[in-house]
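Here's a solo chain for you in structure tokens, the form predicted on its own.
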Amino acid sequence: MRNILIVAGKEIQEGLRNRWVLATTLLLAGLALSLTFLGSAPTGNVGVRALDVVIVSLSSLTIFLLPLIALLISHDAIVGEMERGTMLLMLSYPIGRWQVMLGKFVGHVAILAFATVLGYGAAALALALTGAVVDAASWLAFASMIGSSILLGAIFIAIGYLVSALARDRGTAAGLAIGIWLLFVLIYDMALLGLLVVDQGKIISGGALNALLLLNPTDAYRLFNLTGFASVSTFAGMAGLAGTAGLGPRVLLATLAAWVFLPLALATFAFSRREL
């Protein structure tokens, strides 16, 4: 555990030195504040369920932004250090490769969690300072959105590690990372929508559709935040889907957790087999 925490501390220090933490926090806070006050317009009054509208807006922002940030900070975590020669130096100490992987993971998730909590929290604080009345259910939905956003970031950090452990150079890793982002965030849903239009309910059943949605972590994240709470699903226009999808919050959370574990385990295995 001590070795893992040492590596995590190293990653956090490098994040502070490279301005990753500051840049990510300011970016998330700026966009969240913009969406908070622009997104409250549909309510007609900032004090009427404004936080529920903010949750819908921030969930859409998170799907596009956090996976990209996570991949950018993780795609060269292994191959980059190997190219610079620092990985060989690190492994000359009494530390296992799995400890290096877990330490990096803890450090990068901590960076992303700090930026997410501070950035999105600033938006909620600004909304509260305007005198908006927010009930307990909305605060719970907002807290769940932040927690699941961190989990989504952890998923793509793990995927970035898998890319980094398999790629032979940083350029290849960067290209694969961008391709993965495009696949999960844009291409997959467009292809699924086209498939559903062509199928017209003849072959793809409700269970098959649920399985296809769970194969994309961004879809699981979207369903968790937009259908898990009644007030939010109403604003998101997904109240009907919430009642018919058959995917409860526990199933969606378990899916997100599995999406963290599997790529991280594969990345650790690939790194353990890789020659320095």
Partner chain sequence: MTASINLQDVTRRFGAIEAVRAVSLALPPGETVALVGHNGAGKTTLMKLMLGLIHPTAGTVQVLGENPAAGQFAARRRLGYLPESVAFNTALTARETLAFYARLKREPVARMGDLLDRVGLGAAADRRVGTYSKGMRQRLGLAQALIGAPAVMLLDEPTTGLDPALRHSFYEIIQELRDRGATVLLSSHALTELEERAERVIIMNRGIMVANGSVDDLRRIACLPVRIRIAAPADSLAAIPEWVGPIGTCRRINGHVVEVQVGLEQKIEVLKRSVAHGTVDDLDIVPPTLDDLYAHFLMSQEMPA
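Keep in mind that this is a model prediction, so the values were computed, not measured. Positions refer to the first chain, counted from 1.
There is also a form predicted in complex with the partner chain; it is not shown, and the following applies to it.
Of the residues given (197, 190, 203, 89), 89 alone sits with a heavy atom within 4.5 Å of the partner chain in the predicted complex. Picking from 108-116, 180-188, 161-169, 77-85 the stretch near the partner chain in the predicted complex, with a 4.5 Å limit on heavy atoms, gives 77-85. Within 4.5 Å of any heavy atom of the partner chain in the predicted complex lies no heavy atom of residue 175.
Taking the partner from the other structure, the partner chain in the predicted complex has a heavy atom within 4.5 Å of a heavy atom of residue 95. For the chain shown alone, residue 270 is not a contact residue for the partner chain in the predicted complex, no non-hydrogen atom being within 4.5 angstroms.
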